[in-house]
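Only one chain is given next, in structure tokens, and it is the form predicted on its own.
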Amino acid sequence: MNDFNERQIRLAPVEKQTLHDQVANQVRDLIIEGHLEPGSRIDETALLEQLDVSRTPFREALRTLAAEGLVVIRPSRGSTVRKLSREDARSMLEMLAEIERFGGRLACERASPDEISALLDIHDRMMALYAARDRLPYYKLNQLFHTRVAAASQNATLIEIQGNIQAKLKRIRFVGNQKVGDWADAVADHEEMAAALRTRNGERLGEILALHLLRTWDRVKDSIG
């Protein structure tokens, strides 16, 4: 056995994004920011030219986004951006509120000190982006924060359901911070979440997570046609 194997050096995996992941990320951002509007047909020819990619990775990217609930693929009729009805959005936000209420309680009970520190680090980075009014990066960290809280619950079923619903609400959640006052209110909610995490107050964290999502409905309901 050579020296490398004998020492059993532990190396961190090299993170690489495939071409289709890169395409999916860019198209996802176009959907989140509203450049590709809900219900609109996706112009593959135009996007292929703008992204300078071949049809195969583009189609793979669309399948990824369809699995997330952002795109609807209709064989022989092309793909469209999924459009949520008011009832879709309201029911998803109501369900997500209760899922994250439970997840917050479990996270405070079960998360390791490192997981709590990582969540607070995400929060601090969000606050820096809010101070700079850099909305899309803030939003992405916001999504990551909610995902990591769910992960800290150590409940596989909760993690799966939370991830599925959150993916479908990406555009809706982004719209929720469109107005200056609404974004400030959402940031205030996150400050309370961070305070609850620091003291491992699961009841309070669950409560504010749920209220945060129900308030999101109040912020977006008039923008859903």
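Everything numeric in this text was worked out from a predicted model, so none of it was measured. Just so we're on the same page, rigid core means the largest C-alpha set that superposes within 1.5 Å between forms. Quick note: we count residues from 1 along the sequence shown, nothing fancier.
There is another form of this protein, the form predicted together with another copy of the chain, and it is not shown here; the text below is about that form.
Here the chain stands by itself, but in the predicted complex one stretch of 33 to 41, 178 to 186, 60 to 68, 191 to 199, 60 to 68, has heavy atoms within 4.5 Å of another copy of the chain. Contact check at 4.5 Å (heavy atoms) against another copy of the chain in the predicted complex: none of Asp124, Ala128 and Ile208 pass.
Taking the partner from elsewhere, Gln154 is found to have a heavy atom lying within 4.5 Å of another copy of the chain in the predicted complex. Interface membership of Leu144, defined by any non-hydrogen atom within 4.5 Å of another copy of the chain in the predicted complex, is ruled out. A residue is said to contact a partner when one of its heavy atoms sits within 4.5 Å of a partner heavy atom; Ser117 fails this definition for another copy of the chain in the predicted complex, lying far away. Taking non-hydrogen atoms only, Leu51 never approaches another copy of the chain to within 4.5 angstroms in the predicted complex. For the partner-free chain shown, Glu87, Asp88, Arg90, Ser91, Met92, Glu94, Met95, Glu98, Ile99, Phe102 of 86 to 104 come within 4.5 angstroms of another copy of the chain in the predicted complex, judged by any non-hydrogen atom. The two forms, fitted on the rigid core, differ between the shown form and the other one by less than 2 Å at the CA of Leu213. When the rigid core is held fixed, the Cα atom of Leu169 travels less than 2 angstroms between the shown form and the other one. If you compare C-alpha positions, Ala24 and Glu160 are 3 angstroms or more closer together in the predicted complex than in the form on display. A decrease of at least 3 Å in the separation of the C-alpha atoms of Arg28 and Ala156 is found in the predicted complex, compared with the displayed form.
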